[in-house]
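Both blocks below hold the same protein chain, though in two forms, and each is given as structure tokens: structure 1 and structure 2.
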Structure 1
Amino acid sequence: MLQYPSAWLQNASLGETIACELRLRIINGTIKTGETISENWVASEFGTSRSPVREALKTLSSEGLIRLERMGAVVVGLDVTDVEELYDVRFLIESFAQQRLAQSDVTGLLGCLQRIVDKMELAMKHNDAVEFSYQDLSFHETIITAANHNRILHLWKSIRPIVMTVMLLTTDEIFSKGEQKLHSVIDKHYTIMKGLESRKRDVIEQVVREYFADSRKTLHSSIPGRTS
């Protein structure tokens, strides 16, 4: 069973760690929609007191993955509409951020993005889906941060935990399809870099649109029991 990567949990509180693991189990379908999970069960599962469990459940509730009720937390999960809407928000954030960067000198940013893509290629060679996924997320987050827009960054951070989990699952799916598919993913990141280098808003918008249209296809085969 896929577990949440321990390397991604550095400096995380116990409550955050529990939330990350439960989030993964909910999104990959290990914990089913409609199930009720109690504080006692979670505390027992993770060998902890109920205080960090409450923190974790509060977090998942704020993300819309569970609904807190008197007898426990009812799993709401993610359906196809939820996941598509998540990617709609990602598209809006990244389209705005990248077009905003058309007004800037992106030489330093492109150097940073190249180093991240180099790490993605290294992860591909070592068949390390977790590292590949993390660097993929870092690539997009670096662009969003470079746009230097506080409200856009705040919006990104509000969806980041679910995005990280979905990317972990989609990357696992991509790795199962072999090296050719992985090369195509890396090529898409180079296309984003070329769009940024052009500093033309219309070119950037088209690149981002095509990137997310293709990402949706992978998405639909990566979330067990959620998409068709």
Structure 2
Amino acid sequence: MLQYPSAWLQNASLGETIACELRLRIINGTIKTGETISENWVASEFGTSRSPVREALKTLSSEGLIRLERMGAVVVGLDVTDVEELYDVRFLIESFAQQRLAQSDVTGLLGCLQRIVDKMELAMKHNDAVEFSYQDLSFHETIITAANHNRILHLWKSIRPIVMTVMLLTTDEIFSKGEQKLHSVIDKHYTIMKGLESRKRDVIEQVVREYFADSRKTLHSSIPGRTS
């Protein structure tokens, strides 16, 4: 079972730690869809009081992973359909961001992206799936940030923890499928950069559309299905 990178939780509060751990358990199916979890149960599970648990549950609720009800929180979870919907949203956000960048000067941005892709290739050589997925995430986050649109950036931040967790799981799977798959992932990022460089709206639109359509195809086994 994949563990959560503990280095990321170094300066985190108990509430954030619990949220991250619960998020992982919900997405990888340890905690199953339909279950109801109570604050007391989570608190005893992590050996804390209810205060940080309440914070964690509110976070997870705002991410749509659970639904807060009068008695207990119902686990919504993520099946394959939900992850596809997540990619729909990612496409909407990134497509919007890149369209916005089509008019600007992107040379500085392209430099940043190149550095990130370099780190991805390094992570591939070191067989470091966690680092690889993190740089993958950074790549897209850098683009969205560059678009300079507060609300869109906020939208991204609201789905970011889920996207990160899903990428952690799927990237781990890609690593197990050999190096060729990894090279194709990196190539896809170069394609995006070329799209940005062209500064043509229709080219960009097509490139981004293909990117996410392709990403969708490679996730069907690390995510639990509806009937798990």
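If you superpose the two forms and keep the largest set of C-alpha atoms that fall within 1.5 Å, you have the rigid core. Please read all numbers here as calculations on a predicted model, not as lab measurements. Structure 1's sequence is the ruler for residue numbers, which start at 1.
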Just flag whichever of structures 1 and 2 is the form predicted alone.
-> 1
Answer yes if the Cα of Met120 shifts by 2 angstroms or more between structures 1 and 2 on a rigid-core superposition, and no otherwise.
-> no
Taking the rigid core as the frame, does Ala146 move its C-alpha by 2 Å or more between structures 1 and 2?
-> no
Shift of Lys194 between structures 1 and 2 at or above 2 Å (CA, core fit) = no
Arg70: Cα shift between structures 1 and 2 after core superposition, Å, came to 5.1
